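Just the one chain here, the form predicted on its own, laid out as structure tokens.
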Amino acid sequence: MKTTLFTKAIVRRPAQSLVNGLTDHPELGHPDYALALRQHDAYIAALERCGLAVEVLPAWEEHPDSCFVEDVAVCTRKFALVTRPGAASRAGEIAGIQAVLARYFRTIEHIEAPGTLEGGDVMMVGDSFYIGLSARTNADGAAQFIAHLARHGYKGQTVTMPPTLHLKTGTSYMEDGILLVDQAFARYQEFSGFDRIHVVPEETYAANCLRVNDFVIVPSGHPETLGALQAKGLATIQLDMSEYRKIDGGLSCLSLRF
């Protein structure tokens, strides 16, 4: 049965300054820019294969992490939200995003100071949203977002985070009640009602997979996670994410989907 969750996506081309992006894993080395571009091309092609019309924003050299557009906005069926990134170096990335979102959404909400919120900490499950309280998303930002959700008929709840960059770094909703969880989230009662796929410690990076309509996009090189998803009857697309992993980026980070 065909599943249509999204019809559109917004991405931003990686800038050459990508090599200076934020990272908690300097041991992985600096990204290879030429390879990052090819991987981004493959990512766009995968979104198009999933049935999405993709708007590609130009590279933004002043902001090395700006290709991770998911963090500057949240898109719901009823409204879009301009966030307020918690990383000081990324604060300027929200400039101009409202004008882009206005092409698709009549209603655009905002996170205001002192609140911070990044889209990587927001996981949508139907009409409910889980918001991770992290180093990038604080309680004030989460409370503002929950209030916006309530006004539009949605529900939101916070999740106290383990030492993980973003909520979706460690858990991703695959639709149909299926949730990917890494070891850090394995015992969380908030997620006890899901059909959970436990990501083995050696494949923690694969906890960030991306369900887009009839496919799940999976970072390549994670056979156990891939097999577990396929065992649930999910069609998969594998993508090499090596250069984005070096700067703490995952599959969901690279697009806004709606």
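Each residue number is its position in the shown sequence, starting from 1. Bear in mind the structure is a predicted one, so any value in this text is a computation, not a measurement.
Just so it is clear, the following notes concern the form predicted together with a small molecule, a form of the same protein that is not shown.
In summary, the region of this chain contacting the small molecule in the predicted bound form, judged by heavy atoms within 4.5 Å and restricted to 165-173, 147-155, 109-117, 183-191, corresponds to 165-173. Taking the partner from the other structure, the small molecule in the predicted bound form has no heavy atom within 4.5 Å of any heavy atom of Leu256. Interface residue remark: Leu22 is counted as part of the site for the small molecule in the predicted bound form, having a heavy atom within 4.5 Å.
A residue is said to contact a partner when one of its heavy atoms sits within 4.5 Å of a partner heavy atom; Arg136 meets this definition for the small molecule in the predicted bound form. The small molecule is not drawn, but in the predicted bound form it has a heavy atom within 4.5 Å of Arg90.
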